[in-house]
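To begin, one chain is listed below as structure tokens, in the form predicted alone.
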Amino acid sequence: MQLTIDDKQVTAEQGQTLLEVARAHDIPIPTLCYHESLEARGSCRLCLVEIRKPKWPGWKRLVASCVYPAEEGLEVRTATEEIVGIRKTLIDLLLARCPKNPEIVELARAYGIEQTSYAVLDATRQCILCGQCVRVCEDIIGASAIGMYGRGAGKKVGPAYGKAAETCIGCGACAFVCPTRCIQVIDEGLTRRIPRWNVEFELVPCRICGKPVSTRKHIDFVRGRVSAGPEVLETCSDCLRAYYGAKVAAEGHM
């Protein structure tokens, strides 16, 4: 299908969102709560765009581009004066919540905001409550080790009652999807710590090179769900790639 984004005619596939189409054609739209591995929800609203339909003169609508599907003939504007104004307000609020977070500070500067115009309640905050870490832990990994609790300005993300997350397996998926990089995964020797969830794990070394593969708890978690032995689960990706590459080269198949 054909549509236009910022006066540029682009092609879209059925089922693609406006954000996906824009990114495919190198048209920038800011996001925070969006990640390719998770179902889009349009929570942060930074990806708002204006849409118009030529067959409806005078009609327009603001939509979250991460969830709105591409349509034939749609006219999309990504940075009108109204949209930029909304984004600035949203970023200003985010900066008030996390005034020292590098990702938020950089985003704010890109929109000409050097200092928030709102009251800062806690300058040490790093989490914007997007919930992506909670979703990946529950929906993709299946561990459900963390959640959201509290209300209003006191709302937090973490394990129940702020204690150590007993069901956490130390996979690090939460840190991978976090848009503000506020979840640290610290590997030292054969020990992994995730301070935000108050957890520590034993790392399993690769059977071939000795490089840490993952946590023992993570490997046991996966072993209970797939039919794979230690020769796969306890071997790092580099060594697995080298092994199967050599096997294909020698035998012509896996």
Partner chain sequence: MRLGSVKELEKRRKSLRKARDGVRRRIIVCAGTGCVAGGSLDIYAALVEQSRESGLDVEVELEACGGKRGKTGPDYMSASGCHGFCQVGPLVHITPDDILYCHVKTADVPKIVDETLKKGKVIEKLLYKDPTDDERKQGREDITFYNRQQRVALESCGVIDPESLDDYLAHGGYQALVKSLTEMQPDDVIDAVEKSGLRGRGGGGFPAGRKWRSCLAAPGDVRYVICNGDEGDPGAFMDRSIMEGDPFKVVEGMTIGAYALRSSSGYIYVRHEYPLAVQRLEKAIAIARGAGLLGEDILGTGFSFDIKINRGGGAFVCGESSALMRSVAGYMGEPRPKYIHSTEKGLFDQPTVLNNVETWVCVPPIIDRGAAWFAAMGTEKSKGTKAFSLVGKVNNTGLVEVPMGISLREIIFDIGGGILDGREFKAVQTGGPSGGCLPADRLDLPVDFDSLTEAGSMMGSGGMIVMDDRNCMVDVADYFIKFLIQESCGKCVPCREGLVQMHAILERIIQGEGRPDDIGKLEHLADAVEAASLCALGKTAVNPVRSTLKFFRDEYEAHIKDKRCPAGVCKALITYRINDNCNGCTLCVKACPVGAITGKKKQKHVLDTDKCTRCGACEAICNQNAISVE
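Positions refer to the first chain, counted from 1. Superpose the two forms; the largest set of C-alphas matching within 1.5 Å is the rigid core. Values in this document were obtained by computation on a predicted structure and should not be read as measured data.
As for the form predicted together with its partner chain, it is not shown, yet the points below apply to it.
May I ask you to check whether Leu90 falls inside a 4.5 Å heavy atom distance of its partner chain in the predicted complex?
-> So Leu90 counts as contacting its partner chain.
Does at least one non-hydrogen atom of Ala175 fall within 4.5 angstroms of its partner chain in the predicted complex?
-> Output for Ala175 is no: heavy atoms all beyond 4.5 Å of its partner chain.
Its partner chain contact at Arg151 in the predicted complex, heavy atom, 4.5 Å | So Arg151 counts as contacting its partner chain.
Would Leu74 sit within 4.5 Å of its partner chain in the predicted complex, counting heavy atoms only?
-> Output for Leu74 is no: heavy atoms all beyond 4.5 Å of its partner chain.
Is its partner chain in the predicted complex near all of Leu62, Ala96 and Ile128, within 4.5 Å of a heavy atom of each?
-> Looking in the predicted complex, the three residues Leu62, Ala96 and Ile128 all sit within 4.5 Å of its partner chain (heavy atoms).
Heavy atoms within 4.5 Å of its partner chain in the predicted complex: which of the stretches 180 to 188, 161 to 169, 119 to 127, 100 to 108 has them?
-> Single hit among the candidates: 119 to 127.
Using heavy atoms only and a 4.5 Å cut-off, determine which of Arg223, Arg41, Arg193, Arg207 is in contact with its partner chain in the predicted complex.
-> After the contact test, the surviving option is Arg41.
Answer option from Arg52, Arg45, Arg216, His35, heavy atom within 4.5 Å of its partner chain in the predicted complex = If I apply the 4.5 Å criterion carefully, the residue I get is Arg45.
Tell me, please, whether between this form and the one not shown the C-alpha of Ile194 is shifted by 2 Å or more, with the rigid core used for superposition.
-> No, Ile194 moves less than 2 Å.
By the 2 angstroms cut-off, has the C-alpha of Val136 moved between this form and the one not shown once the rigid core is superposed?
-> Not so; Val136 is displaced by less than 2 Å.
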